[in-house]
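The form predicted on its own is given below as one chain in structure tokens.
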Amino acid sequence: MVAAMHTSSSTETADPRRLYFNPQPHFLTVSDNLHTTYSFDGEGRLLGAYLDGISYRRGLGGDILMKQVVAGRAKRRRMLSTFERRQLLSLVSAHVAAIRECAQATASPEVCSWLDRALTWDVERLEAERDAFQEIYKPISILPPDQYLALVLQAAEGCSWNRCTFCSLYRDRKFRIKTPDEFRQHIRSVKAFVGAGLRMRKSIFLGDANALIIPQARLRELLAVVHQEFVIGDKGLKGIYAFLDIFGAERKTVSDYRELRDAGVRRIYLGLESGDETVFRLLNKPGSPSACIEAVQAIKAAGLNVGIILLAGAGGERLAPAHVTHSLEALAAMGLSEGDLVYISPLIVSPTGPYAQQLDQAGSPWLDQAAINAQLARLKDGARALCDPRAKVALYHIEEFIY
């Protein structure tokens, strides 16, 4: 959700309702009395809304995420049901129509044109996009928070490992690498679908779960297709980003990573999850914490940045001290620096799934939310103390993701 704009950079109408418009090169924000706010992309699609103290974000796939601050500064997050989504879209459409009528006499032609585009996206047209999105993409399960505004291109589909006990994001599909011709068609379909909304996308995220495990020769071909279809660099999208599993990282050399850097890759994200060997095995992660450290060192030796992900709550109660201690030791050994990221994510899993069964077998009781929050704070503070201050440490909450 785009925050309400500063009036100094906005156009204010003479209407007593005090309408504010903040046209930017790539999106428009509209506010009614600085209480109700909407944002739209270059095509006029709804991006977000703020109504009655609740934030809503609409993804390209048509889902809408609701986020509300409740008692004690806690946040409630959930996806709207079909009925709720359609109800919200109908309300927004009616409100924007009223705003457009009020703005007729005083708003700039640019703003009026943008509002007119927004009004072409009625409920049925927005809902029809859900089918179009699913024709182009397999589900986009997760992105790192700094890549939420990336343009996702699925060079591969699914996860080549797909057996971690804590993760069910890719269970519905087989791992498959696209051919260069398939990938080019996928890219062109994405470009046609996103349209003028492409201008607000900052980078390219190469999907899916661990796209950089693609054999180097094929990866070279797929990256060449990206460069044929987009401008990457100072005058275009700001680089290429992707996930890589640890066991995949072990298969690439420093020379391979240098080739990726020269092809526009800027940061590689690795899910360490835990630096403790026992916890790591409970999660059924491929590789090992020591392999992750070695992979990060190789990636950084090639001039690339990394994003390291840790799970707050992994390992349960009995293993909590070892999880925190060894995770921080692993971070300290990686030599993180400027441009590197550490994301700490609260573990959110089914209490009846395979991970819960692993905890029971290990005799390590589940951590409640308060204990997870406390561990998250310890990991965050510890990471900031041990890592180069130029590396950023931040919260990564998967329930806030929508693409």
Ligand SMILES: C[S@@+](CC[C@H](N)C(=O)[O-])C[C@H]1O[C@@H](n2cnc3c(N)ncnc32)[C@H](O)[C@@H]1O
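Remember, it's a predicted structure, so these values are computed and weren't measured experimentally. Sequential numbering from 1, following the sequence displayed.
Same protein, other form: the form predicted in complex with this ligand, not shown, and the subject of what follows.
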| property | result |
| --- | --- |
| Partner-facing stretch of 194-202, 314-322, 84-92, 243-251, counted where any non-hydrogen atom is within 4.5 angstroms of this ligand in the model of the complex | 243-251 |
| Position in contact with this ligand when the complex is considered in the model of the complex, options L28, L347, L376, L60, heavy atoms within 4.5 Å | L347 |
| Contact residue in the model of the complex, from W121, Y257, F133, Y269 (heavy atom within 4.5 Å of this ligand) | Y269 |
| Contact label in the model of the complex: I142 to this ligand, heavy atom within 4.5 Å | yes |
| Contact flag, C167 vs this ligand in the model of the complex, heavy atom cut 4.5 Å | yes |
| Exercise: Y396 in contact with this ligand in the model of the complex, heavy atom 4.5 Å | yes |
| 4.5 Å heavy atom contact, A209 and this ligand in the model of the complex | yes |
